[in-house]
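Presented as structure tokens, the chain that follows is alone, the form predicted alone.
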Amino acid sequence: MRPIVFILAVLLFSCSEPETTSTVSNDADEAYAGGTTTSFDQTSKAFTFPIANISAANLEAHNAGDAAFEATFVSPPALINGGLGPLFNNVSCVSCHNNDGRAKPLTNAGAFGGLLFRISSPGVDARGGPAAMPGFGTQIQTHSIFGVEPEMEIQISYTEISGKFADGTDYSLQQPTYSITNPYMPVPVNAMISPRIANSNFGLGLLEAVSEKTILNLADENDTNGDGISGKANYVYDFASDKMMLGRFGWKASQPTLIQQSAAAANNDMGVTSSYFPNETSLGQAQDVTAHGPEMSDEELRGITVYLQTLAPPARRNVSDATVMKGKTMFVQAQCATCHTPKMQTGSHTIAELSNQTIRPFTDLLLHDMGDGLADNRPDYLADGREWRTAPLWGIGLTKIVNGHTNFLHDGRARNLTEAILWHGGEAENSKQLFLKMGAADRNSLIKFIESL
């Protein structure tokens, strides 16, 4: 069968309306990215530490959840973790989130890794979310247990795109092309497909603790202040409450809570069922999905959730370095702080240690139009095919130390932070143009500041 080729674009940064002040403060606590939860480790394990102020009881729960997060699932029947598949992308949570960091795309996306592909039909489902593609559901699975066909294979290739900064310095971006081969059934021509790289896990509990009011106060959907930035909230279905809730997790803010995010990942990525998602994902192949109960217990699911809620964000580094301080000024002048809100306050959380913290995640958790260059053309609840959630920037400078690479953006196409910025468009077009006009010293300072986060 002739390969089906599609090209998509993605992002690292999006934009948001500023908080009360859209500047990067010089207060003495600036290094404390997560308030009193902050970890000051800077090694390859920097993303794996529990919050610094964790109680003894929550530390015990954190460690139990860590074990569940690292557990490898196998194909049934098996006495332990026998729920893998029948279709899946990977065999454990940690396989995609190595050291609780971000994944790197593989040239062969059929290999085990942290890159997956969402798929859907035009239109929406009964709850307003992406409509499942007949035969494939809402996520492509490239692996399967014995006796079941994988849904397809996907290969990645890149085309170089050259350009110049205003001072004449050359740059190059790589545009990915994804080729579908060996689908177990024909892929409909109207399929909407979007790549998604596994992101870092730390600080998620703090983001969950930010009040809805705080997030909505940052929104300006109709750009009433005329600054070209118009962040909006995504509202998505929450299975526990059977109602729509503010979305805050995932590349398009398509999950409302960490427990639902965890359950959805187990189901889609590993084919593991739970009380949240009791059905297998193999919609197109005849499988007996009624012969067993949930393959992940509520206790295991809660454990993984607590583990994610209590992973500490790493501290900022080199806060007083002269180049970093200059870069902080350039960050504001380029209007990056208007998009990546430097500081916010958490509200209350069931884990008391996360409550009432001053945090510095550099995100507003809102959706923004990032232009045609970054469009995947696949809606996700209220997020249209050009809109993405502002990516948090905290900890980004430790990616190379923790994960051994500097691949960023939603599918890992950017080979460094400079390339990530240059993929910006839409509401971030002006910031990109300001970056293009900077001299080499100012660009270097800006990058050094981002690397300090």
Partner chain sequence: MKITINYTKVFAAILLISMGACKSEFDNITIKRFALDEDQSQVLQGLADIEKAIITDWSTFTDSLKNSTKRFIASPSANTLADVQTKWKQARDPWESNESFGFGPVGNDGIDGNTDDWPMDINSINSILASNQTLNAQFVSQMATNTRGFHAIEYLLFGRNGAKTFGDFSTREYQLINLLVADLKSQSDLLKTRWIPNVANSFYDDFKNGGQGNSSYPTAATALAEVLGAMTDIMTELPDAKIEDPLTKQSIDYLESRFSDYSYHDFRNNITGVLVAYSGKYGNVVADKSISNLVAEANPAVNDKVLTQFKLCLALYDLIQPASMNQGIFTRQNQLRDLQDELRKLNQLLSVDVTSVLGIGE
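On a predicted model such as this, the values are computed, not experimentally measured, just so you know. Positions refer to the first chain, counted from 1.
One more form of this protein should be noted, the form predicted together with its partner chain, which is absent from this view; the next part is about it.
Novice: Asn199, Thr323, Ser179, Asn81: which sits within 4.5 Å of its partner chain in the predicted bound form by any heavy atom?
Specialist: Of the listed residues, the single hit is Asn81.
Novice: Looking at Glu149, Asp227, Glu153, Asp238 here, can you tell me which has any non-hydrogen atom within 4.5 angstroms of its partner chain in the predicted bound form?
Specialist: Going through each option in turn, the one that passes is Glu153.
Novice: Can we say Gln42, Pro77 and Ile401 each have a non-hydrogen atom within 4.5 Å of its partner chain in the predicted bound form?
Specialist: Yes: each residue has a heavy atom within 4.5 Å of the partner.
Novice: Among 420 to 428, 51 to 59, 65 to 73, 383 to 391, which stretch has residues whose heavy atoms lie within 4.5 Å of its partner chain in the predicted bound form?
Specialist: The contacting stretch is 65 to 73.
Novice: Quick check on Tyr158: any heavy atom within 4.5 Å of its partner chain in the predicted bound form?
Specialist: Close contact is absent here: in the predicted bound form, Tyr158 is far from its partner chain, nothing within 4.5 Å, heavy atoms only.
Novice: Answer for Gln175 alone: is it within 4.5 Å of its partner chain in the predicted bound form, judged on heavy atom distances?
Specialist: Although its partner chain is absent here, Gln175 would stay clear of it in the predicted bound form, with no heavy atoms inside 4.5 Å.
Novice: Counting only non-hydrogen atoms and a 4.5 angstroms cut-off, does Thr214 reach its partner chain in the predicted bound form?
Specialist: No - in the predicted bound form, heavy atoms of Thr214 and its partner chain never come within 4.5 Å of each other.
Novice: Can Phe112 be called a contact residue for its partner chain in the predicted bound form at 4.5 Å between heavy atoms?
Specialist: Yes, contact at 4.5 Å.
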